[in-house]
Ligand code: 6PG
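This document opens with one chain alone, in structure tokens, the form predicted alone.
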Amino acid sequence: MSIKIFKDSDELSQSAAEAFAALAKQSIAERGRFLVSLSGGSTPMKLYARLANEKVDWAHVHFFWGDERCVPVDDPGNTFGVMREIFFDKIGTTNIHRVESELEPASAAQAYAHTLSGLAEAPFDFPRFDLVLLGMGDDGHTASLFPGSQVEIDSATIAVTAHYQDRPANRVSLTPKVFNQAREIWFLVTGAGKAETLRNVIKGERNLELYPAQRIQPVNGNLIWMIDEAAGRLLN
């Protein structure tokens, strides 16, 4: 695990965009493709906007999502829909493997597992991602793995329908089984409001039920925390 601290979200996003382009070039040269699992949220959106200006062989990049809300693509809460306007329409890519968010969560999760199997890398029934992008909530959740959720999950995808913080969650999420096989995992975390949780996740005791972000531990890959100074102010 490594930690990279940036002045602010702008500096973080620019550095991440350049690192993304370099990793994509390396992966395409070595394996002929670059498989990436994307994250929603404000910090990644800044990254995606900058990525549209990077020189990447987009024809060989395959985009997936770590989680998605089961709402129509024109809903502001749909990550793919938001990204289409700020990123995909600009790069003209076609290798987009989105969650069928118009379906109910259980059906969408099953359909997405089938989508994953189409680019599976033996011995798995899902791809070994070259890069996974993740965020972390101020409660320690990541993707749609929330505090108190089941820790041991054997499937590649899950439907997330339980109420959390008095809100119903109708989502699909990939699971640690998939995330932890990735070659590279980047957590993008910004803002002072996440400082205490970030310290507990990185430096505190292991509590996988309370802090789902701790469940992300690559089996044979790199884990990199990209954070701004505000989020990292309690790490010293």
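When you see a residue number, it is the position in the sequence shown, counting from 1. Values in this document were obtained by computation on a predicted structure and should not be read as measured data.
The following text describes the form predicted in complex with this ligand, which does not appear among the structures shown.
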| item | value |
| --- | --- |
| Contact segment among 39-47, 23-31, 56-64, 199-207, judged by heavy atoms lying within 4.5 Å of this ligand in the predicted complex | 39-47 |
| Contact flag, residue 81 vs this ligand in the predicted complex, heavy atom cut 4.5 Å | no |
| Residue 137 within 4.5 Å of this ligand in the predicted complex, heavy atoms | yes |
| Distance check, residue 164 to this ligand in the predicted complex, heavy atom within 4.5 Å | yes |
| Residue 143, heavy atom within 4.5 angstroms of this ligand in the predicted complex | yes |
| Residues from 173-197 in contact with this ligand (non-hydrogen atom within 4.5 Å) in the predicted complex | 194 |
